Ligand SMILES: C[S@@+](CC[C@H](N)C(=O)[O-])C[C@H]1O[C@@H](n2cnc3c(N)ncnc32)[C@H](O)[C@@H]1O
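The data below hold one chain only, encoded as structure tokens and taken in the form predicted on its own.
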């Protein structure tokens, strides 16, 4: 058997729900570089490639599925990506409870579970309370970048952030106009011929809403 990969350099420990505490990214990374946060990293293709291509930025990924979390941690550790951290936890809870005000430069949410049945839509991540939290954690000018292959969820994503006074839409592309991304889900969905929807919203300067 091979020697197990030491994933400790690239993981974040969960903050228990009983603790009122936020992550201090400057301390965790040992620098003040910009921080980008991806929620629902899957197999980590976007996160790992981004961290490798942009060592001048820090990257944090949150994933609930333990098998994906462990897979990404091992891949990142093997590549020595010390500007990357992964956390196994619920994405909405982490954003609400563990991310400090104005500590994030970009927030990425790509192909979240669409919960397509009407009785399950309340479980969707992108809703008005989430937009409020995104406004809180993003620095002025920081971006929320979204992607989905589900038309109904695309409408919801866009309407939620358009309705939030702290955001202005900076990008919208659908189908053939949507630039190709690198997540495993997007590669799969494009091969299946699904229509991809992509949006970006910028956090307005404080006091301008």
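Residue numbers count along the first chain shown, from 1. Not measured: the values here are computed from a predicted model.
Beyond the structure shown, there is the form predicted in complex with the named molecule, which is absent from this document and is the topic of what follows.
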In the predicted bound form, which of 51 to 59, 161 to 169, 137 to 145, 34 to 42 comes within 4.5 Å of the named molecule (heavy atoms)? 34 to 42
At 4.5 angstroms, heavy atoms only, are 127, 130 and 154 all close to the named molecule in the predicted bound form? no
Which residue, 81, 99, 107, 91, is the contact with the named molecule in the predicted bound form, using a 4.5 Å heavy atom cutoff? 91
Though only this chain appears here, would residue 29 touch the named molecule in the predicted bound form if you measure heavy atom gaps against 4.5 Å? no
Test of understanding: in the predicted bound form, would residue 113 fall inside 4.5 Å of the named molecule by heavy atoms? yes
Partner contact for residue 199 in the predicted bound form: the named molecule, 4.5 angstroms, heavy atom: no
Going by a heavy atom distance of 4.5 Å, is residue 65 a contact of the named molecule in the predicted bound form? yes
Neighbours of the named molecule in the predicted bound form among 170 to 184 [non-hydrogen atom within 4.5 angstroms]: 183, 184
